Structures are given as structure tokens and as C-alpha cells.
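Two forms of a single protein chain come next, each set out by itself as C-alpha cells; they are called structure 1 and structure 2.
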Structure 1
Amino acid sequence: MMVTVSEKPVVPAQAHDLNTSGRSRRRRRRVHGGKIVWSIVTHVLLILITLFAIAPLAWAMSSAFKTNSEILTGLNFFPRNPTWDNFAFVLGSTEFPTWLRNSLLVAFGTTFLALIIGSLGGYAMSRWRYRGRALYGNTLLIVQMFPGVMLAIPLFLLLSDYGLIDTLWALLVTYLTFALAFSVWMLKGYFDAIPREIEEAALIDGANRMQILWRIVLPLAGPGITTVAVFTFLLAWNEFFFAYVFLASPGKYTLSIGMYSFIQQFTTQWGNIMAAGTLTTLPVLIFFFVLQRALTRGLVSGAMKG
């Protein structure tokens, strides 16, 4: 850039012009130097922020591979004698595998149902104007502001009455309901973008609305489905409060409750706790990194909608 500036033939028509171009050249050089400094500053700041962001989980993961003595004395980040012992202990001698199974059941069940029920609602929001439409849409948003504790106390009483307390079903229906706002609004947005002509053609060919939704609209809303699926999965996988309130017996725990019970049980065996934490986090991170782009785009617009 500097080269082009100096090579640019300056026509000395007027002294005034010459003067300004000289000034602008100096200025550009300064700006360019400033750019390098700014880029260094940018990277330094971003590295610091990134370190802050990843520190706790990075530390947890590195500790998961350390021996107990190294954990208690060492300051090093990378394990000196990496060991699988902590993982072996967690997977072999605790109820972790059961919790993993429970979490998978709840998360996949919630995701599956949220997609079905959410796409029905989203389709109604996208293709029809009807009395109560705005009320329905706003209700979905408003219920998200209900404090969990407000719902948890009566839900606990109700679910106890129906014998559903301490079951995974209790979590499934609760998470499903919480995921509805996002799924309905998100999928509505994706359905809106699908041209109606396709459906009209199918209608003329004699397809009914449900067939159109399942066979034509949903396949076309693929990225929306992915976003809703991952979001719902994360919600169910990460949720702590309701699981803590609803589940009583260790055999029913999901991973987040299991993790919490670990710090009660193995207070100082950080290696084991961190191995469990690593195993709990890993599926989420893999999911996230694979689908990162679609996910962040979807989640931002979804969050901004509700």
C-alpha cells in the first residue's frame, strides 16, 4: 500500500495540491503503522479473552489425566505421566455409565419430541393467520421468564401426586416444554423462507397438510432442524436445577446431578471428578465444533426472537 502511494505520479498542478498529497502520504504511513500495532493489540487481547474462556475446562481436562499426587502438588498444565486411571475409575467403579445412559435417554427423547411438536407449532405460526396467533407466540416467550423455582415447587408437588417424581419422564416433559419456545419460533423462521408455491403444487396434487409438512417442508428446513435439535439436546444435557429437584435416587441421576453428587462424595479426589467432568463435556464440545457455524447463527437469531 505504501509503495503504491509513493509511486503514484503526483501532478504538481498547484502547490496547494502537492502539499495536501504530501500530508496524506505521511498520514497514511502513520495509519499503516497504527494498523500493525492495532493488529498486535487485537491478537493479544483476544488471546487473553480466549484463555479466560477456556481456562476452567482446559484445567479440568488436563487434570483428568494426572495422577493424584501430581494434582495436589504440580502447577504444570500438561500431565507429566498421563494416566487413564481416573477415567477407568469413573467408568468402572461409579454409577457414571448409568447417568450417561439416563442423560442420553432424556436428551434424545426431548430432542425428538421437541422437533415434532415444535414443527407443528412453527408451521401453524408460519402459514396461518388465526385468532390467538399473537397470543400463542407471546405466551411462548413469556413463559421463559417464569423463574424455575416458581415452577419447580408446584411441579414437584404435582409430579409427586402422579408418581412421576424421581423418574426420567418428569425431566423429559419439563425440558420439552422449555424447548418449545425456541423450537416453534426458530422453525417458524425457517418455514417462512420456504416458498409457498411448492406446497401449493403439492396441495393441488392431493397431498394433505401433514404430508406436506413431513415430506416437503421439514426436509427443506434442514438447517433449522439441526439448530433446534442441537439446542434442545444441549438444554436437556446441561440442565441442572430441575434434575436436582426431581431426581432422588442415584440410579435415576442425569450427568449434571451425578457430577454434583461427586463433589459431595469424593471431596478431594479432583482427578476423578475432573475425569467425569471431561466425559460429560466432551459430547457437547464435539457437537458444538462440528455444527458451530449453523448453530451460532441460529441461536443468535433465536435468542433475539425469544
Structure 2
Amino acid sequence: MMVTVSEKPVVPAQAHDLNTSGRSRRRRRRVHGGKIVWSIVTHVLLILITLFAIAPLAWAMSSAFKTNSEILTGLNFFPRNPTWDNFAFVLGSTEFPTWLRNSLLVAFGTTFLALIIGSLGGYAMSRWRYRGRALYGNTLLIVQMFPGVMLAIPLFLLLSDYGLIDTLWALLVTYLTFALAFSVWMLKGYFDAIPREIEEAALIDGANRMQILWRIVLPLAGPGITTVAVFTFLLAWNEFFFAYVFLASPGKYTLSIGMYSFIQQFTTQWGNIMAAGTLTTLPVLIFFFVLQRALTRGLVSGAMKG
């Protein structure tokens, strides 16, 4: 005798659970698909922005290998007949080595002094409470509120009284004035995040304040030191306006003023400008890419600690 087994009917509650599970899977798929689309759109936009940012630099480097006639008459990105004549002229027939030396002296001098003075000022603001502390910090920030053009004449008169016009010292003092605010406040943020117990333990072991600063605090604030060094170096390396106002002798020119001298009354030596610009940019690019990871870590950490 055959027994017919009937299928078990699906109760309403189970049907509801199945429908809910199906809707949840479809919703997850839609959310996942939306994330993929958004990720693609975001990456495409970032690539376009990056290309827009590096296009002028790439065009300048390409033009460094072109003749003046090709630069003025052609719109091609790659040079038709690459030439090294522009680089040979810049290195052999101009004072480019002198300009490079002056820029290095000013940039490294400004960076060194900004790190020394900024470390001392930031450490004092972080660890001690003294009369005028807030006024000191706010005074540094006030310097950043005014455009450089507004301060050019007062600085020129002040430096003239001390006989510093047409010297590299004028640039060093000026750049240091603008770099100290960033240096002090950035390093203060790092010093605030270093536990005081470390310094107290060092004091118990017999170390003085200067030993604690140079051997303990500054190594722990390494990312902040890197950030200040990079920004200060770039500030002094790329600045044009004050160098144009304060310097008059070609032997005292920095790279930015030296390249400007290629622009003459009736002609502009575009090929030489592009070659000099390429030579000027390459050391900075190498320096930046070497310290890129430390710089990024320093910016993020400093923003969180500040």
C-alpha cells in the first residue's frame, strides 16, 4: 500500500521571514553596489584633480627640452627635437650655481633657526605658565594675519637702518619672522601630548631641562620636527616677493630672482626659464618624497594633538 506524503505547508510566519531575508539581501547588494560606484567616482575625481595639479609642472619640464621657437609656435606636449641647450646655457652661461648656493644658505639657515627657536618657544609655552604667555602666543599669530605686501615697507626701513638690505641676512630675518608662528604652535601641540611623567623621571635621574629637551622631548616629537622643517624650507626656497624687494646685486640673487632675470624688456627666454625651473624643482621634489610619510604623519598627528 502506497502512502502519499503531503508537503508541509508554509505557515505565514515562515513566509514573512523568507520575504524579510530576501529584502535584506537585496538591500545589502544595493548598498554594496552603491559603495562600489561611489568609490569609482571618487577615484576618477581624485585622478582628474591630480592631473590638473601636475600638468603645469609636467609641461614646464617638457618645455625645458624644447627650443624657443617650438615653445612659441607648437602646442605639442613632447618635444619634437629634444635638446639640452637650455640646461647647458643655464649651468654654463649664467650665475645659476651662485643662485643655488644663496637659496640653499637661506633655506637651510631659516630652517635651522626656526627649529631651534621654535623648539625653545614651543617647549616654554607647553610646560610653563608665566605672565604674558597668551600675549606671546597671540603676537606670533598676528604676524600671519597681514599680507606680506603690507609689511614690505616697514621691513625695508627696519633692515635699512641695520644695513642689511642687499644681503642674504635680510631674507633670513624676514623668512624667520613668518616661519616662527607655525614652528612654535606646531611644536607646542606635540610637546603638549608628551607625558610630563617622562620628564619627571629624567629629572629624578639627574638630567637638567636642556638635556631633557634635546635627548627626550625632541626625539619623541620627531614627526612635528619633520613637518616644521619641510614647511620652513619650502617657504624660504620658493619665496619671491621679499627677495625681489631686498636684493639688488646679481651675485646675491636667489633662484626665484635669478629665473626672473630671464624675462627681459623685449624678449623672454622661455626655454632657459623652464630649464632653470626644472633644476630648481627637482631637489625639492626629491626632498619632499623622501620625507613624505613623516610629513603626512606629522600633519595628521599635529592636527589631532593641537
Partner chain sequence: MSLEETQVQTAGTHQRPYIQAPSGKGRMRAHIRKHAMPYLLILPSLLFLVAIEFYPLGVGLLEAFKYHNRVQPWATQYNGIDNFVKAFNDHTVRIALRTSFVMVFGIVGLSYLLGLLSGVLLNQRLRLRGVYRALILIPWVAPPVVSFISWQWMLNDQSGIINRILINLGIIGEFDPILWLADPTLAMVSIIVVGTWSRFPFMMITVLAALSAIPDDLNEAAAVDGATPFQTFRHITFPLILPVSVIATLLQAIWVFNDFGLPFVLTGGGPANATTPLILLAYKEAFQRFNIGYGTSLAVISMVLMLALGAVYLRLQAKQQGEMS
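The term rigid core refers to the maximal set of C-alpha atoms that superpose within 1.5 Å between the two forms. Only a predicted model underlies this, so the values are computations on that prediction, with no experimental measurement involved. FYI, numbering is relative to structure 1, first residue = 1.
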Have a look at both and say which one is the form predicted on its own.
2
Please state whether residue 223 has a C-alpha shift of 2 Å or more between structure 1 and structure 2, with the rigid core used for the fit.
no
Does superposing the core leave residue 73 with a CA shift of 2 Å or more between structure 1 and structure 2?
yes
With a threshold of 2 Å on the C-alpha, tell me if residue 50 counts as moved between structure 1 and structure 2 once the core is superposed.
yes
Superposed on rigid core, residue 41 CA travels between structure 1 and structure 2 a distance in Å of 4.9
Shift of the Cα of residue 150 between structure 1 and structure 2 with the rigid core overlaid, in Å, rounds to 3.3
